[in-house]
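Only one chain comes next, encoded as structure tokens, the form predicted on its own.
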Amino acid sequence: MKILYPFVAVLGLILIAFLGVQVGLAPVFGIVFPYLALLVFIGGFINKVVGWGKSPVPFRIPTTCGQANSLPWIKQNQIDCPSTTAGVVARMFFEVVLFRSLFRNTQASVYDGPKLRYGSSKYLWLFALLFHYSFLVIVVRHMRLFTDPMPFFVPVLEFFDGILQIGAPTLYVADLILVGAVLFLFVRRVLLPAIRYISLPADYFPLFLILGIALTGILMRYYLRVDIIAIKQLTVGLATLSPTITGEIGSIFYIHLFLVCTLLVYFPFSKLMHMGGVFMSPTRNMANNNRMVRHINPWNDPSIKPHSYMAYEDEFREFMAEAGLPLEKELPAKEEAPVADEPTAEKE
């Protein structure tokens, strides 16, 4: 059911767009929904990031996996355990651009014994990298539909993306890589028992949604005819706030566009927000300089006075001594009370 429900939901979205265009709602799917989706995406994204920014982080909690800044003759790992702002920037750069933490990921398995074994898990890093960069290439490549004239880098990117020059129109490599990477991520969730156990419908839905976007785009480019001139007029009109629909564009385009709008609306409220969350993560964006700088919690209530351990021991030293707990300062020796002389019987 965790797989079936998201799959049926995506099929339902495709059916809604198809039937809507058939009954004459093309302007709704081509103009109204894109603007609403963009507003929800921008507003939701900003709201999520601002909410994270307002969350108090009273302690330095960077995740480290290397040697910290210590004695002069011990070499520090300045990227995995940064103690300066420059080190944090370098760490964030490699994390965002090359998924460094995922590259360092290991896979744990149990075999005869039972014994725990750790092994490389580079395949996940590779397919995640392929998925994200192919998606980025496709998004940038679509700028040719929204700009006139096109930015200079778009034709250059298209040239290298279609350098194999297979078929007519030219087959783009990023399209195949995206579909293959999405299928790999889906198969991994289905075949690995541990991953399948913790997966939720919210994990499968974006995979089916992105796969639907990719497949409808491929169908529209290579198999089903659409009016590319009318599409260009509509997309440029959307970008310039003067959209118009001229001619018969084709149902497949509206299905593709509606799935993209659904992804934009879904994005700020899903796990896909790791795109913005990675920059707000205190485990990544903080320097590990706890031994170099004294950090004071700015959210401390001034009415709450600090209570040091020595003050605590002074208050409860007798009870701690009775309980046999170790003390920093021993109890002072008690002075024995003087014993009174016994009265002597009067001599007769």
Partner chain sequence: MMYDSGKIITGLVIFVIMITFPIWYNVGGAEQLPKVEKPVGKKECVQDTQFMRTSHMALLNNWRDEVVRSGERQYQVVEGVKYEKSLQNGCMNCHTSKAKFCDECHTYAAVKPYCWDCHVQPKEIN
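Remember, it's a predicted structure, so these values are computed and weren't measured experimentally. Numbering follows the first chain given and starts at 1.
The following text describes the form predicted in complex with its partner chain, which does not appear among the structures shown.
Contact with its partner chain in the predicted bound form, judged by any heavy atom within 4.5 Å, is made by just one of 32, 320, 61, 42: 42. Think of it this way: in the predicted bound form, its partner chain has a heavy atom of just one of 188, 232, 132, 122 within 4.5 Å, and the residue is 232.
With a 4.5 Å cutoff on heavy atoms, residue 153 counts as touching its partner chain in the predicted bound form.
Among heavy atoms of residue 270, none comes within 4.5 Å of its partner chain in the predicted bound form. In the predicted bound form, its partner chain lies farther than 4.5 Å from every heavy atom of residue 106. In the predicted bound form, at least one heavy atom of residue 147 sits within 4.5 Å of a heavy atom of its partner chain. If you check its partner chain in the predicted bound form, you find a heavy atom from every one of 143, 158 and 226 within 4.5 Å. The partner is not drawn, yet in the predicted bound form one stretch among 312-320, 287-295, 66-74, 44-52 has residues with heavy atoms inside 4.5 Å of its partner chain: 44-52.
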